[in-house]
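Quick heads-up: it's one chain on its own, the form predicted alone, in structure tokens.
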């Protein structure tokens, strides 16, 4: 069981970052479908810079900067230019997959061998059976935990959060009350990109310690199911990421044990859960009213 909880942390943290980024954008009214591409550029830039500088912290900073830049591109296209948000997100994912794959082939795997940090243990909490894995992990994971709390406070306990949610629920009313909806949505999508890219940085710097072509492997899309499961709330998303991380951990567990099911069936479990979540909860879940709608206001 301790093995599965450890795998849950390692595999769930990238999903957590991606889903938190998605929440921020969607709460403002923008469907950020580019989470897959943002995870990829975070993993790529984090590994490349971390390897060249020998510093995990510098790699994380590079991943964050790349994610913010990617978020700015998405915000320009979807918020300012009013491009179709679904088409734009999918095109962004394909472009990032091709770009990172091309550069990886040119530079070679040796350019992405990242340094490794020791896990950070929190005294007493790390000694709890099974659950102690949550508190004996890489420091980037603790950033994700902190973001759950921070986003909960910002979205539901501050004036800024009110403006973000108002932009996603009724843009016209928000504008009438003095909110600059264009600026709010633009900033939300940019920050969404930065947060999601940190999930990629965790994969390349804290887990794999390198980069591999298409290493994200659909996690950005699973994050959308987690957002629905979590009802567009950070705490709900954290629980959803843990669930999917645990499900993916079964794959690793099956590879180390004699499992009665075919390995391919076990590997499909997270994606089956994602489809079931979207199908069962999708009808009952109520997303922000303005989600996916192009902004037709002047500001």
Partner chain sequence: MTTAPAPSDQGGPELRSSLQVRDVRKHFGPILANDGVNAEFRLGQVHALLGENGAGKSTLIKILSGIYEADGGEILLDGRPVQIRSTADARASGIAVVHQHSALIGRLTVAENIALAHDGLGFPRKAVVSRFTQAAADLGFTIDPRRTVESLSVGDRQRVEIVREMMTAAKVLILDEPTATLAPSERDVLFATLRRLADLGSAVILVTHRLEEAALYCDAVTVLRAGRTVFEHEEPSRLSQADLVRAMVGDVRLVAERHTSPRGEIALSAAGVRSRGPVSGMAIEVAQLTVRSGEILGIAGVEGNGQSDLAEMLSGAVKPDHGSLLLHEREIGALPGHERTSLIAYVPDDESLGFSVNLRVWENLSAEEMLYRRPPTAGNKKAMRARSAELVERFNIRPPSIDAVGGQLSGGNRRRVQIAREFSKTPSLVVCGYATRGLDVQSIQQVKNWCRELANGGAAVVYIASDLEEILDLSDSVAVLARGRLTASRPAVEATTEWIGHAMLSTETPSEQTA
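Numbering follows the first chain given and starts at 1. Predicted, not measured: the structure shown is a model, and the values here were computed from it.
There is also a form predicted in complex with its partner chain; it is not shown, and the following applies to it.
Its partner chain is not drawn, but in the predicted bound form it has no heavy atom within 4.5 Å of residue 214.
Contact annotation for residue 160: at least one heavy atom lies within 4.5 Å of its partner chain in the predicted bound form. Remark: residue 165 counts among the residues lining its partner chain in the predicted bound form, judged by a heavy atom distance of 4.5 Å or less. The shortest heavy atom separation between residue 105 and its partner chain in the predicted bound form exceeds 4.5 Å. For the candidate set 80, 87, 146, 176, a heavy atom within 4.5 Å of its partner chain in the predicted bound form is found for exactly one residue, namely 176. Only one segment in the set 108-116, 91-99, 180-188, 204-212 has any non-hydrogen atom within 4.5 angstroms of its partner chain in the predicted bound form, and it is 180-188.
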